[in-house]
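What follows is a single chain, given as structure tokens, in the form predicted on its own.
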Amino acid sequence: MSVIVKRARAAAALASDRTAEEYAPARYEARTITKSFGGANALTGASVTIEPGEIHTLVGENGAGKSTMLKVMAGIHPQDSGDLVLNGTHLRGLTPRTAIGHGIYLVPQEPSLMLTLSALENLFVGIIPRGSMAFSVDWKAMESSAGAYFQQVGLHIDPWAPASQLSIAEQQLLECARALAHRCNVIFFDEPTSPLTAREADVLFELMRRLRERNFTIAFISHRLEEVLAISDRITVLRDSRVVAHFDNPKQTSHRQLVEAMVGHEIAVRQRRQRDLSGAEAVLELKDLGAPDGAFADISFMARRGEVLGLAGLVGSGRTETAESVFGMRRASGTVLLAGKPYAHRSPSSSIESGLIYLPEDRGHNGVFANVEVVRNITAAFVPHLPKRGQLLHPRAEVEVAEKAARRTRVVAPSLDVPMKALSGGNQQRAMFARWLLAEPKVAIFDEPTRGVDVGAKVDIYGIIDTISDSGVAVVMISSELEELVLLCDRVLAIYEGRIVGEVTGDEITLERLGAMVVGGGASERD
């Protein structure tokens, strides 16, 4: 009888006291792992050991090899050389299916659920218990045991609800519950907090701590160094595909030490620019903008030439919905003026032609074309203006345009002919900035422009935003990281439950003021 079948039968037999069961401790080692993609080294002789009862965090810049290491250890990518050793046993030919059989589960950055299936079906996918009749399912056994798993991860949902109706945070917790249903005790979290609010991340961290107390073996990846230092028992740093440092006592490790180990040099502390743009020309004006579904209402503000205007608010506050409406991705009532002229018939294509661009928060679904070459991703919004040879695009001219734009935003790629998915998250984001710079915008809306990128890429992106605003472009920036808004913005508006509740300018832009405003308190009067 296979291990998978045994686990399926065990899962079907679980009762409500499932939370009392303890798992056997698992020590998991990756020894001198080497992995390359298309000739580019992702890992070079990298080793890491994850002990039971610890949260072991991997950090590094985008492309350093962190995610590749966990995907090799979870059987998603086969290593080119090196060994995987679980409790002294060498794992050969590991695949995602056999990894689960060994109790190893990877919770991905973006949940990989089957959205048309119910939460219950997603929980037991691969181990659905059979009923008494041929080709039937024991739904009663599934439903009776599902509650115990949901309770363990703090998930309060209808088990029959389609996964598509769950929030991102709930989907992440469902992934964790699925790991437990498969009786996995080695659980990897690959940037799980990047799409979550601070409160949602706290729920996930509390779950991770509970699993650690039960002697689970946990690995974690995050670019948010504050949370890394707060939750980690040990930290391994990767740089340029190699392990370069270990920190065995994160409580005595500083943010600065971690950054210098990641990038290999000291990063200068950024100072907020002091500018008075109150007399600058208004390039974008919104008057009484409202959404038919009530996502936001009575949104009125202006963005001035050369200004970086921040929109602060919790996820779901209406900030992204407002941006999508301005760009033409959603319908909205009210008035939009672009360069002083009414802009009524909004659509993404007409916005781009009119000099209004939008960098979405979810580049994976709404930004990049993952299987298309980098060069085509960069020129995608500029195709009508590319040089042509007769009725066809001039290939060499297109490459030259893309290369010039890529140099401006410091895109690092083995070639612009590789698929976009071959680039790290930070370089994909730089490529998106290169795309929009080609459009020569008057107004640029950037929604979570540094989500999922490392500290070095953040510094580069901050510089790009500075350059864009200095050229006279009105920048509207949405960010969940209040520190970014403090560092970059000339003015910040706070949105709470779909309405603007406050405005701060210049030295008034502080973490304390913004923190109070985004939860609906401490709002200042607007001009």
Ligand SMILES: Nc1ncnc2c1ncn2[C@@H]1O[C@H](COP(=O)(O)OP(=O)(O)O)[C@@H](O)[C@H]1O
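One rule holds for the numbers: they count along the sequence shown, beginning at 1. Predicted model only: the values in this text are computed from it and were never measured.
The same protein has a further form, the form predicted in complex with the named molecule, not shown here; the description that follows concerns it.
So the named molecule isn't shown here. In the predicted bound form, which residue out of V473, A42, L493, C489 has a non-hydrogen atom within 4.5 Å of it?
Contact residue from the list: A42.
message: Can you work out whether Y462 and the named molecule are in contact in the predicted bound form, taking contact to mean some heavy atom pair no more than 4.5 Å apart?
response: Contact with the named molecule, no.
Worksheet item: With the partner left out of view, is L485 within 4.5 angstroms of the named molecule in the predicted bound form by any non-hydrogen atom?
Response: Looking in the predicted bound form, residue contacts with the named molecule do not include L485, since no heavy atom lies within 4.5 Å.
ask   = Does T57 make contact with the named molecule in the predicted bound form, using a 4.5 Å heavy atom cut-off?
value = Contact with the named molecule, no.
H77: touches the named molecule in the predicted bound form, heavy atom cutoff 4.5 angstroms:
Yes, H77 sits close enough to the named molecule in the predicted bound form that at least one of its heavy atoms falls within 4.5 Å.
Can we say A119, F124 and S144 each have a non-hydrogen atom within 4.5 Å of the named molecule in the predicted bound form? Result no, not one residue of the spot touches the named molecule.
Check: So which of 476-484, 66-74, 45-53, 497-505 is the stretch with heavy atoms within 4.5 Å of the named molecule in the predicted bound form?
Finding: Comparing against the named molecule in the predicted bound form, the contact stretch is 66-74.
Across 46-63, which residues bring a heavy atom to within 4.5 Å of the named molecule in the predicted bound form?
The stretch 46-63, when checked against the named molecule in the predicted bound form, contributes E61, N62, G63 at the 4.5 Å heavy-atom cut-off.
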